[in-house]
Structure formats: structure tokens, C-alpha cells
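So this first bit is one chain, no partners, the form predicted alone, shown in C-alpha cells.
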């Protein structure tokens, strides 16, 4: 049967067919759809875990217990899971265990560009890299076989274009793989120093065998050409290279580490000049140069951002194909959605002119005009720790004029440890938890604070107020962010306090079904032009609602965008909005 599916859907289908029993993830673009699709299969026990480290540990535990399991995350999530990743290489596995990391070249929705291939070599585990949806489907099945054959975790590198591009995929049926018998084996799975030292030797021997396998595997192959140019490439860059160098010999790499040394030597004899075409890091180029061969790659190609056929052609062949001028599009700055509950909070923070340490999520947009209400945003869960760092460096007087903001899902991901740290180390930081009842930025996935599982079943719901108190924070407030007066008053009161405090801003994301139903009953707002002060005022513009603009010198509210949230009516000084 053939299906038109994305790379992420192909991975989910392939993993299901491979007999996966347990799948875990924390959402993050471009990886999110893998677990979303796996959760549709009743044979797979799926979960949104609280963060990537926990997801890794649950899936790995299932593999140690003998079941095929998979964990998926975006590239920066692998940093969170790095601790168990490195140890799992030593301990190995029983059931097939695959770790999917989706890289984001070009940083479409990420804070940095990472190349997961570096992690594979650092952690000493094999990595597999498909170049399209069919390979994503085929290779994930092979990844489980490699994992069980060599008793090793296997990294599986996807990237944005492979994850989200659709292709025709020939699929099959699920093959049930029995859970292997569990046999207690402390020398393998208890990494006491004495055991770990022995396991390191086992790991090095395993890598030698994997290196032999890499040259023999169908994952890596030589493609005959008609001229003397040889191209080495992997992942989505292989497709770009094939388009530009139609007559060249190719060494198509689907398993970059361990590098297929023997296969490369065969390839080297076939060509006179070798160019390595790969996205981001010069990983393959370095592997070849370590072997003592002269190749070129990043000499021509950029290390930053995504590649495409035009960049490859222009960089190496120094010419472009004729193409029409691109269509002119209207540039729009990213903004919070109309009716977003975070709008009221950032409006208040902007008025208070406090220092704000921010975090990863939709609310990072609070850093942009008209709010300009954020000073830092480093990584998931960093805002609370960063705020305490400010206090340690600049004193409690400075800390009185600053707050940390963090989303509900991010707080449960890795912010809660920062809050415990504030209480334990006598900090006075004020933390705002922007609780919009979902993981909004990645597409509305549930988390432990929503009371629903990945399969939509009801479960225990974490009470953020009680959790904050349990962390040692005695002053915990709850506000309705659509009530600007109340929110501003509460923030002022908390900031003036000498103690650490948590303010929970609670209102569901404007795009959730319950919010859409609520707003559908509200009247859209309009401007009374005879009362509006227009250009002289612009108070409503400073709310940051994308529905409001200035037209013919007066405020204008788009009836197509307005949801009737009432934020603008609260800030108009002349009651010109009704």
C-alpha cells in the first residue's frame, strides 16, 4: 500500500510496524508529529513526558525490560536528555531502542542550530540519517534491528525538511515483536565505576563491529556516475546535491557514524575529486580528513542556515539557473494572537518597566514591540534560574524590579527545579507562570497540568498553586490576565514584597476550543471615531493586539481578527471603544 505522508508520519508508521510497544516524547518543532501519530495506534503505549530526560528514561527503561521503544524530541531536547544518553551507550539495551532527534537547520523555531551527528560520535552510538519520507520509514525499521543486533541505543537524525515534507511511501503491516525475557544483570545495567569501566571496553569493541557493519549496510551506498566528480552527502542535502550534480558519482551516507571507512576507500578509487555536501557542521568532511584523504566541502558551502539546490549550485558551480523574480510579500512581525491571555500580562509588565527574564514558548513574543518586555531568553526552563542569578549578582534591591516569566508546560518541564532553588537559597525572585492550559507553541499538546494524557484520556492534574507552595514559596497569587486592573495591582503588590512570590496568570489559550466557544458569544469591539483621540493617544495600540491599527488617523479594530476580549476597552482613556 502507498501513502502520501510526511517524514514524521513515516517514522511513526515505520516504528509501529517494527513492533514498538512504548513511545515517549516532549513536544518540540519539528519533532512533535511523531508521537502525535504514534498515539493513534492502540498497540503503542504513548506518553507526553514532563521533559526530554524523563521521556528518554521511560523509553529506555522499557527497552531494558525487553520491549522495543522509541523516544523523540527536537535537537535542543537532546541536550536535556544528554545525561542518560551517554550512560545508555555504556549499558546498552535488550529491546530495540531508538532515539529520534529532529534538527532545525535555519532555526525556524529554535534558539540555536545543532548537528545531532556530533552527539552520536561524542556518546559513541550509531546514528542513522534518512533523506526523505520513504527512507525515514525504511530506516527506522532497520534502526530497531541494529539496536537489538548490537545491543546499543541508535540515534535517528531527522531535520525540518525531511520531517515536514510529504512523499509517497510504500508501507506494510505491523510485525508483532514479543517482549524479551527480563533477566537481572547488574554488571550491565548498574553503572557502578567497576562495572562502567568494563562496559567501556565492551562499548569500544562494539564500535569496531559497527564500523564494519557501516561499510556493508544498505544504509550507505555508492551510486555510479558518468564523470570523475565524487559527491559525499547525507540527509536532505543529498537531494539538493543530486539535483545539481546529475552526472557525478555519489557516496550516499545513511549511517554517518561510525563512518563507513572501507566503503569510502572503494569510492575514492573511482573518482578524481571529492566534494562533501552536507548541512550545518562539516561532520562527514572531518571524518574523511581524519582518514588522511583530501576532500573539499565547507570551503564552498555555508556552515550556517539551511542548504537548497540554488545555494549548492551557486556555491560550488558559481552560477545560478534563470528564475523569475520572487513574489513580493507583505512582511509582518510575529505577534501574539488576537485574544491571547498573555497580552494582558505583558501589557502590565511593559507599564511597570521591570527587568524580565523570559523562557521558551509563545510568550517569548513579549520581547517584541510594542511590549519590549523581556531581557533574556536562553533555553527551556532558564528564566527562573537566570532571575536568581541577576539577584545574586546585583542584589535584592535590583531584584525588586524584576520578574521571571515561564509557561505552564515549560514550568513543569524544567522550571520547577529553579523555583525550588529560589526557596532553598533564600531568593526573593517573583515568578509569573503563564498558565494557558496547554503546550501552545507546538500545537496544543497536553501536559501534567491539563489533566489529559497523550491519548486524550483523563488523568491526575497537577495543581500549580499547591506545587508552588510545596516548592517553598509562601506567597502565591492567581490572576485573570484579561482583567488588567487586577493583574497590575497584583503584580505591583508582589514586586513590592520582600519575599519570593509566584503569580499564576490563568486563562486558556485563545485558540483552544473552549476559548473559541467562549469568544464566539462575545461582541466584537468597534471604535467610536468621534471620541477616538487617534494618533495623539495610541493607548489601544500599546495593548499589542494584532486586530488594532491606525486608519485615517483614528484607531481601527478589524472585525475579522477581533474576538471581543475587552483588553482594549480597559485601556482607552476616553471610552471610545465599545
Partner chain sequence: MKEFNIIISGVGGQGIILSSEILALTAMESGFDVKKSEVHGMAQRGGSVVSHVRIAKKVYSPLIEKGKGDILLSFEKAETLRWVHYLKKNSPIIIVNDLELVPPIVSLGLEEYPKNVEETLRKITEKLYFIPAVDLAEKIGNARSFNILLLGVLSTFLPFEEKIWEKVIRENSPTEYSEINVRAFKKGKNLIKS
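Since this is a predicted model, take the numbers as computed values, not measurements. Positions refer to the first chain, counted from 1.
There is another form of the same protein, the form predicted together with its partner chain; it is not shown, and what comes next is about it.
**Q** Heavy atom within 4.5 Å of its partner chain in the predicted bound form: which of 498, 457, 325, 176?
**A** Going through each option in turn, the one that passes is 325.
**Q** Which residue, 227, 109, 187, 112, has a heavy atom that falls within 4.5 Å of its partner chain in the predicted bound form?
**A** The option sitting close enough to the partner is 109.
**Q** Heavy atoms within 4.5 Å of its partner chain in the predicted bound form: which of the stretches 418-426, 208-216, 235-243, 144-152 has them?
**A** In short, 235-243.
**Q** At the 4.5 Å heavy atom threshold, is residue 395 in contact with its partner chain in the predicted bound form?
**A** Although its partner chain is absent here, residue 395 would stay clear of it in the predicted bound form, with no heavy atoms inside 4.5 Å.
**Q** State yes or no: in the predicted bound form, is some non-hydrogen atom of residue 304 no more than 4.5 angstroms from a non-hydrogen atom of its partner chain?
**A** The answer is no: residue 304 has no heavy atom within 4.5 Å of its partner chain.
**Q** Does at least one non-hydrogen atom of residue 269 fall within 4.5 angstroms of its partner chain in the predicted bound form?
**A** Taking the distances in the predicted bound form, the answer for residue 269 is no, it never comes within 4.5 Å of its partner chain.
**Q** So in the predicted bound form, is its partner chain close enough to residue 440 to count as touching (4.5 Å, heavy atoms)?
**A** Judged by the heavy-atom cut-off of 4.5 Å, residue 440 is in contact with its partner chain in the predicted bound form.
**Q** Looking in the predicted bound form, is its partner chain within 4.5 Å of a heavy atom from each of 3, 538 and 541?
**A** Heavy-atom distance to its partner chain in the predicted bound form: all three under 4.5 Å.
**Q** Any residue of 140-168 with a heavy atom within 4.5 Å of its partner chain in the predicted bound form counts; write them all down in order.
**A** Result: 161, 164, 165, 166, 167, 168.
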